[in-house]
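Listed next as structure tokens is one chain, alone, in the form predicted on its own.
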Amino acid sequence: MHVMADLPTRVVPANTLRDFVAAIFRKAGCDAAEAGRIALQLLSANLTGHDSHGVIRVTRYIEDIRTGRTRVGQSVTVVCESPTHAVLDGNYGFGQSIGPQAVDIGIAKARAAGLAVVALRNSAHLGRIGDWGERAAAAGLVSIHFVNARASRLVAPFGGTARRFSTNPVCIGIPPLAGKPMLLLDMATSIVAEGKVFVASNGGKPLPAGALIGPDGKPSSDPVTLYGPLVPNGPRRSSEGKGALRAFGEHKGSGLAFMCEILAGALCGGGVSGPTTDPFANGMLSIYLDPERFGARDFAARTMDYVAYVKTSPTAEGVEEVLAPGEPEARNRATRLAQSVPLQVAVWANLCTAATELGVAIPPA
């Protein structure tokens, strides 16, 4: 098995990292508002501990601008709508710009009608989907999100070895309750997100055993399986690997990934991750629910009681505490805001290279 050395990290204050990334995207052609949104939401992923969707994505995003795969300064186009639904086209704009527009349309409709469904297609990478669950929860709404990625085959179906799905996240957000953190389930339907393979390939946290599968049908945890031969600090292209990610939970995760393709891809009109000549795009089907319109006036109290009940479960060997969905992210955010954001040396080096090429000053780390 190929193993890269465990590399040390650099730590960067959150505000410094945000401003640095914003300056990079400003020079890459985004206006100040869009550059700020991209930086803030990539930083948000790092703060919550989801480094796979954080600033490690900067170099890929810059490349996508250069190749035209992602377009700066875009807004959603309303394809059709009613009081309780909307079909939107993201025009290949940055997910950090398209995502909040789509969510805000869903929030407005759900507040007016009690519920809403929004189908989004043709968005560039939507980033950490938890951001969109958090945005709806902050507005007092329950939300459910199914996501796919056209032209991004990464995951083998249960029982197979060839790629047929993308990592197809599912996210469910519940509004914050009486000063407590919001409940947020945000997960890929693969054992790990592709970005975590990216992180591991740069010397970061190793992959769980069997997270990947080779063309010979044997489980693997080596990033080479997905990317092919690795060059330190070099690009990671899944097209150069011969293996695939595996779905979590055997047939259950595979079935959920399958349905994400149907709901977020086929139903939203953007297309599934099968063979296509169309470019990469995320699709997202989102459902927004106003708890007060469902007669659940004790919704918050019942939810809080149930959270407390679940957390009283005796712990398994080696486990200190049972956590509710969203608690790890909230704790990571508090810690990293206070102590700065740790970045792999390779990630920091790539950020500095991108900054130098664009003429952006590099802050100390």
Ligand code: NAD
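The shown structure was predicted, so the numbers you read here are calculated from the model rather than taken from an experiment. One rule holds for the numbers: they count along the sequence shown, beginning at 1.
Keep in mind that the form predicted in complex with the ligand is missing from the display, and what follows is about it.
- Judged against the ligand in the predicted complex with a 4.5 angstroms heavy atom cut-off, the residues Glu63, Leu226 and Gly228 are out of contact without exception.
- This chain appears without its partner; in the predicted complex, the one residue of Leu256, Leu185, Ile144, Leu177 with a heavy atom within 4.5 Å of the ligand is Leu185.
- The partner is absent here; in the predicted complex, the one residue of Gly243, Gly127, Gly173, Gly265 having a heavy atom within 4.5 Å of the ligand is Gly127.
- For the chain shown alone, Arg37 is not a contact residue for the ligand in the predicted complex, no non-hydrogen atom being within 4.5 angstroms.
- When the ligand is considered in the predicted complex, His50 lines it closely, a heavy atom lying within 4.5 Å.
- In the predicted complex, the ligand sits beyond 4.5 Å of every heavy atom of Arg121.
- Although the partner is absent from this view, Ala28 stays clear of the ligand in the predicted complex, with no non-hydrogen atom inside 4.5 angstroms.
- Between 319-327, 333-341, 296-304, 64-72, the stretch whose residues reach within 4.5 angstroms of the ligand in the predicted complex through a non-hydrogen atom is 319-327.
- Shown without its partner, the chain has Ala193, Lys196 in segment 192-225 as residues with a non-hydrogen atom within 4.5 angstroms of the ligand in the predicted complex.
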